[in-house]
Ligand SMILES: Cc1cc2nc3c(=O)[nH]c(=O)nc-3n(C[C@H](O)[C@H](O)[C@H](O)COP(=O)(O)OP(=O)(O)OC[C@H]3O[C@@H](n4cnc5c(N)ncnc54)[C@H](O)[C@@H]3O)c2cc1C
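We begin with a single chain expressed as structure tokens, specifically the form predicted alone.
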Amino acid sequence: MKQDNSRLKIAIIGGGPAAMFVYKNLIESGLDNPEIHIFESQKQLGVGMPYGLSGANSEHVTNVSANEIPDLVQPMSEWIHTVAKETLTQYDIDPERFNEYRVLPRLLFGEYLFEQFEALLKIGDQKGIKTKLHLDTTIIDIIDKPSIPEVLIETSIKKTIRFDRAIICMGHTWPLKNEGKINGYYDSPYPPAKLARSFNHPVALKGASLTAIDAIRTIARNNGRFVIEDNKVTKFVVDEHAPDFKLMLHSIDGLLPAIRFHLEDSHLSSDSLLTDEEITAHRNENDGFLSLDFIFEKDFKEPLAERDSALYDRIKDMSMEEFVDLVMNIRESIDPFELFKAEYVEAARSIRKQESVHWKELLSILSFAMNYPAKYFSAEDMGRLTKTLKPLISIVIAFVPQSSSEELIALHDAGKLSIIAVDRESTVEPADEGGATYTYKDVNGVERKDHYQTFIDCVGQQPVPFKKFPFRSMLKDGVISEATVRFRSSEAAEKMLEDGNKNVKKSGDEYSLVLPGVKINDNFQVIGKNGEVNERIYLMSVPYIGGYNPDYSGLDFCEEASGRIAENLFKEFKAAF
């Protein structure tokens, strides 16, 4: 606890969209004139990886529309009228015909976020809040000093600064493993500029997520051109110098992501969550656990009864597993591109009529609702979530933009995009001669080994292992601990141990399952090896809390998490002073 009545000194680690929402909520929280320092490794605030050149080119678009952006200083629909004409021309946008229900060019959205961050800084200044920016600055280490109590931030310019509180909200991270060592091997498609080249051969992409679509949009434009008629992509024409160019998507079970449709509830928020009281009451009746079936019932089935009674009547007596099997069996029984085309028509109708595809939207709400109380699931339920529900959610709520869908269809119709179904045990090995060898079992169970001159890992952001946490003193000093969930059944834990699962741990008579990332509480404060909550350090950086936050809901998550942190800080210091 701070020992005097001077300004509360807060460090925000990261300067992207998450940091912007942290700053916004801090200056609106009622805290008494805090001093806030923002540390950003890039030279620009607000854009992070997805909305700057490290994660996008001019061809990349968001998968959210302007009306889905959490409230900032100025709505996008107003801001667009302030943008320079040459910039709008570059993106073929007429501000007088701006449609807030359409997705946006990512680089343009990055400019919007930058200007909103700048506007928030001005508001902070007007409120007397002292703010200091540390741009182009990398944090080397974070050292907790509980006896003082303070947090020391060590920077790349060999400077150590003392703080009362630190909020870690760094974004995406794409570690390099083979890229740069193996020619033709890419650990991710970012920055996309590296893929802006000719490939006169088949290119393998691992995954069929939005990350893969980012790669496809860049590569396609450098190996051919799209024909647009009536504002719709209708055809892909390959370049003469790249007749053998082809994109080979490798997807579990050969599935493509679902297409963006109209959302009735454009903002996911705490209104979509069970209240703390409801969660506590349920846990008290359930041996301290939060039941996945309870969440599925409350946040999916019950709302479905109101929105689509016919579908509800069909699935009301199904278990979660039975519902997932029903949907996945339908998807797997149809040619993936024929299903993709059908969903494109369905999504276009949904947007035109502004009518939701209710069960898909409710899956999105369910995913968001699970994000915060997931730490109270049993290990058994966490396994069910990971193996059964998450694969369906990841497909359905990808929200592929219409323009991206049109490009994928055009590439496929031109014979330049294929999808290969691979099994969950498939492997990719870098090849000494360049590229990689993909080993998998095909739909007939026959093992295949395909070598590709160029391979791109497009599985998207993965949870960072606990031991790879970037601030070594926090690891060494036991400031953080591994995320875990308890087993309800010791028999289930012992069976997993017998099967060789090294993530099952035993302490006394209790078994737990180790999850990816760091243990945090409901307010995003880290929990040390001693089991105690650290009052000084908050962590809302999704790659490092993936075990407890199985869903990543983009800007909605940033707004919700930062709001919880700011509220907790305000309550803490209001009580103290």
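Note that the structure is a prediction, hence the values are computed from the model and not measured. Numbers for residues come from their place in the sequence shown, where the first is 1.
Note that the form predicted together with the ligand isn't included here; everything after this is about it.
Chemist: Could you tell me which of 504-512, 61-69, 27-35, 524-532 sits within 4.5 Å of the ligand in the predicted complex, going by non-hydrogen atoms?
Modeler: Heavy atoms within 4.5 Å of the ligand in the predicted complex occur in 61-69.
Chemist: Which residue, 106, 331, 416, 217, has a heavy atom that falls within 4.5 Å of the ligand in the predicted complex?
Modeler: That would be 106.
Chemist: In the predicted complex, do 51, 139 and 172 all put a heavy atom within 4.5 Å of the ligand?
Modeler: Per the other structure, all of 51, 139 and 172 touch the ligand.
Chemist: Does the 4.5 Å heavy atom contact test between residue 538 and the ligand in the predicted complex come out positive?
Modeler: No, residue 538 sits far enough from the ligand in the predicted complex that none of its heavy atoms falls within 4.5 Å.
Chemist: Answer with yes or no whether residue 57 is in contact with the ligand in the predicted complex, where contact means some heavy atom within 4.5 Å.
Modeler: Outside the cut-off, so no.
Chemist: Examine residue 569 and determine whether its closest non-hydrogen atom to the ligand in the predicted complex is within 4.5 angstroms.
Modeler: Residue 569 lies outside the contact set for the ligand.
Chemist: May I ask you to state whether residue 565 is within 4.5 Å of the ligand in the predicted complex, using heavy atom distances?
Modeler: Result no; residue 565 lies far from the ligand in the predicted complex.
Chemist: Using a 4.5 Å cut-off on any heavy atom, which residues of 465-479 would contact the ligand in the predicted complex?
Modeler: Contacts from 465-479: just 471.
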